[in-house]
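Okay, here we've got a single chain as structure tokens, the form predicted alone, with questions on binding and movement later.
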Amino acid sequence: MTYKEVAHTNGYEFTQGGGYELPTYPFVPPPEIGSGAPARHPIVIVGGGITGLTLACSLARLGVPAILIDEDDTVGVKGASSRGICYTQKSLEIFERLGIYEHIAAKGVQWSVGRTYAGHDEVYSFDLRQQGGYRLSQQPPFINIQQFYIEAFLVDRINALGHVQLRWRNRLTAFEQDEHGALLSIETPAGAYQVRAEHVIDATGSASPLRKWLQVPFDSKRGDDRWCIADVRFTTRPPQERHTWIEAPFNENRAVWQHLMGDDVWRIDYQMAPNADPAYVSREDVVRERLARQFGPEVEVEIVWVGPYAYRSECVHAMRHGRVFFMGDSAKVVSPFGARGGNTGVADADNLAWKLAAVMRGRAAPALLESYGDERLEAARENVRVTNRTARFLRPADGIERTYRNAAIALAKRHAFARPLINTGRMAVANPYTRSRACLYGEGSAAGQSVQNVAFAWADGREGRLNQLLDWAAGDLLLLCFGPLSRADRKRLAGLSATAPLRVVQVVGADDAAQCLEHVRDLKGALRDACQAAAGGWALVRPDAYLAAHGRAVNADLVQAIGLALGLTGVNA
């Protein structure tokens, strides 16, 4: 198949502003040019956005060789915007494991409180720090930061780690696959070349050429909702809080979003009329007039970037086609409400990386890769479903949908019970996996749930956190045993860890005697809470900080869980 006319990146036709100067990376002629025969690479990642770079960094951290090709020579969108800005606790936990979280925390803006208005009335507010799902982690509920900063941090980290080659200005022009592998044709400024790959990762985004070439079936839905972003830096009277309006009086009773991100830049999203002309609404004088209506005629702003957009939802029917794995926007496209776009791409990458690494290193069976589809397709469908509901609330059809919204707003202004009906975006959380072949589900089991990055004490009293245990496990499964262990249990665990890629850690209280050399102290019970484990039980944690299973006794269930988590059979106790 050859489709040279396909462009790989999304275009922003009507943009303005010059507030950002993106880094550029040098083109280095690949060694394959002029060789005459395709070189072999185990893993080829196509696309250097946040999803592809997260996967590349995860593989590099685990020492797995790969190449990443990208047709551009920079991060972000050339001459354009911040794009994604809200990063969830789960993404921040992943970035900590990858070694870039401190950079993100230093540049970005932490937030947990959101307020929603209809007209001049506050109808809904929340503080994510007061919600149980966020309280245990060492990372905050959210950080707002321009997407290109994260991508640049990932590039620097990948280059520092080695193992993965980043090939800029390398454009995929043709693809074919058979039982022997995939063949990719690539164009560069120095000429064309071909590579063979065992696994190909499509991280090219919503305009994925691979999806078109392979004629991948997917569901799609388009609406007539139109928006226009204004990224601005205030020189007078900056706003103080993150606010959302369902009906903003200064925007003809349409919705408005107001977020602060890095560099003291505010993102203001304005909902437009369905028939709005994107060229007109993004014109500088029109944008300034819109800002003046919201913040007053005397407000002074530097316009950093402006971009109109519409959105659609899409979701593939399967996350894998032969040797190609789809991830991020290549697999699903969602509206931007609730931060479920880039964050779920990061989670896709984190999910697939450890599985690919385990298979490539011979520590798991190839069958494990099928669980990527089980888990991330469930997440993709859920995120499409949730964001479509928000889109319908924000742009209701005439009739029953509009009547429902008007009633919800009216009730929410007067009654607390109605406030959860206000849907301006359900904020993204770590998706649970309820039907994965890699998890062992029992009655009341928390298998398939994400484990937060909680704190504990190392054996010498120093504070540690779950991510450090996962780093120590180096891509193997982590078995946490809570409380005392009998001699028979210790013998069985020693047998398991000798025959499977498994690291065992005993978790004891402040004054309990440790029976294993590898032990930590759970002084406040946070580690046990995060694993939803019973006293005296165990929790099997995967390298992506998801629970594969938990149980009460070191028995056949544990052996079965290890086998499932690795796509293996025949693990001996």
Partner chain sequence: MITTPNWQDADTFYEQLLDAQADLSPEQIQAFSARLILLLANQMGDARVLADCIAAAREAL
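Positions refer to the first chain, counted from 1. What you see is a predicted model, and the numbers here were worked out from it, not measured in a lab.
The same protein has a further form, the form predicted in complex with the partner chain, not shown here; the description that follows concerns it.
- Taking the partner from the other structure, the partner chain in the predicted complex has a heavy atom within 4.5 Å of a heavy atom of Y404.
- Using a 4.5 angstroms limit between non-hydrogen atoms, L183 is distant from the partner chain in the predicted complex.
- With a 4.5 Å cutoff on heavy atoms, A408 counts as touching the partner chain in the predicted complex.
- The partner chain is not shown here, but in the predicted complex it comes within 4.5 Å of a heavy atom of L421.
- Screening I400, A160, A318, A106 for any heavy atom within 4.5 Å of the partner chain in the predicted complex leaves a single hit, I400.
- Partner proximity in the predicted complex, defined as non-hydrogen atoms within 4.5 angstroms of the partner chain, places exactly one of 161-169, 92-100, 472-480, 413-421 at the interface: 413-421.
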